[in-house]
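Let's start with one chain on its own, the form predicted on its own, as structure tokens.
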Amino acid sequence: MEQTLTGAKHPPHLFILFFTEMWERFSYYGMRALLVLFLTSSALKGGWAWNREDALQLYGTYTGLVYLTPIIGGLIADKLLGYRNAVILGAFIMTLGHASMALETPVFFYLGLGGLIIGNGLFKPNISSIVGQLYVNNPEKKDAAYTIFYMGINSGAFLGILLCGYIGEKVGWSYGFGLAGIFMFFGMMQFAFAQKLFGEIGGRPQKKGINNTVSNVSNGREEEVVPGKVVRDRIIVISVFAFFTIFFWMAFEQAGGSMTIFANDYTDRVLSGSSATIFKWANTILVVVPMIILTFVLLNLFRQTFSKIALSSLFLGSSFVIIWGLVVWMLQREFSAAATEVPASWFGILNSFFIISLAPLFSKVWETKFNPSGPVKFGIGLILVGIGFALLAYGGSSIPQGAKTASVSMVWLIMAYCLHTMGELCISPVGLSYISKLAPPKLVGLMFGIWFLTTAIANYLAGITGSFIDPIIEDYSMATFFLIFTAIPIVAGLVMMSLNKLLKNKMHGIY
């Protein structure tokens, strides 16, 4: 009972996890797309009228904590709940968090943020761990599997940014925040009612003795004994990968902060005449094609699992009916509008669109003889994100020193998002795959937690560094601001490539 997206066969369990993660990322990125815009919008537009510095610092603190709590959530799952129970509990807490934020009062807003931070800690590392457990007997398929899983992440991000962003900016902030919670609920329910399909995979942990070796155990079957030195070396490799992701995500996560401000205040988003018509049709294709692909994947999954997990399938199917309805409503509303103003949040969907479009290609390359080593992939990813910011620096070079607004062509943002996405495909799904392959089974959840810990540091640094946008623009220029995020990841990428041989040796046969 298998299906495929890339030519390699994968079990239907992967696609259950694919859609569960998709709706969780819908909720997270949908809310993230609105956060800075809501905080910095004037009271007349329903926002809180914060200055950019304070808004970006809150953004950095929130996104940092979102990726800090997974280290605790991973431990709780490893030692107590098991991965599947942790995922369900985390999804429930996040659903409550989104509902709280939709009320838009300060108390409930911060309570909601707290719920999202705690819930994500239980959800995020453990659903990734379950994916790894599906491939203990087929480790060669893990890179491809995590790339497919990453398509689920970015499908959710795409739809969340698109719909929550559009409804938040065009209709009302509370509706955007509320919509994020609705689909978090659907994701929770479809996963909860699919439990019997997984058997012992991701179940509660079993107590075992501790000695100086580590056994790879899957579903009660011992596969191999790994010497302690090998385990130590592999953990060192995980740590190095995790450390270098800080430089990547610190730059990449400007997307929800300074790049959103650049889109909102410095990019020409008002279109008319033929430009508006071209955009409307391009946007329609951009939205409808991924929806058709996702619906095709959904129908394939239903053919294999509906009879076994009918209630789960009904929740999943209902969520897609609602999504299609919202997509049709949004597109119809835009075509009937006299003037077209591209929402500032719209640019965020480009990353997800490029992921959905390019992930199958990257997945195929990773399965060929041209597949580079992990350190080389990381180096390429870091260099690509740096080049993306170099384009933004060039595009923003015409902005006068100290300017608060401008009308730069949106082409620069589009090109930057494409390069950033290519870099992301070289780092994020590959990193998840290497953790699942290198980590000792008893510590898989903890290792994923450490991975997200470094992502937490990077997200916090993204918010803090992004908050200097105004002082840097006033004293230097917009180009100078973006050149900072050009230099740092490119240098880090070159260093990572220089460590290739050393790290490959410490992997002890896992490449």
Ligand code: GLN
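What you see is a predicted model; the values in this text were computed from it and never measured. Sequential numbering from 1, following the sequence displayed.
Heads up, the form predicted in complex with the named molecule isn't pictured, but that's what we're talking about next.
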Report whether the minimum heavy atom distance between Trp173 and the named molecule in the predicted bound form is within 4.5 Å.
no
Find out whether any non-hydrogen atom of Thr465 is located within 4.5 angstroms of the named molecule in the predicted bound form, and reply yes or no.
no
In the predicted bound form, Tyr417 touching the named molecule (heavy atom, 4.5 Å):
no
Quick check on Tyr150: any heavy atom within 4.5 Å of the named molecule in the predicted bound form?
yes
With the named molecule left out of view, which of Tyr67, Tyr460, Phe481, Phe38 would have a heavy atom within 4.5 Å of it in the predicted bound form?
Tyr67
Considering non-hydrogen atoms and a 4.5 Å limit, which listed residue (Trp249, Phe353, Phe186, Phe244) is close to the named molecule in the predicted bound form?
Trp249
In the predicted bound form, do Tyr146, Lys377 and Thr421 all put a heavy atom within 4.5 Å of the named molecule?
no
Which one, 58-66, 466-474, 43-51, 448-456, holds residues whose non-hydrogen atoms are within 4.5 Å of the named molecule in the predicted bound form?
448-456
Across 106-130, the residues having a non-hydrogen atom within 4.5 Å of the named molecule in the predicted bound form turn out to be Lys124
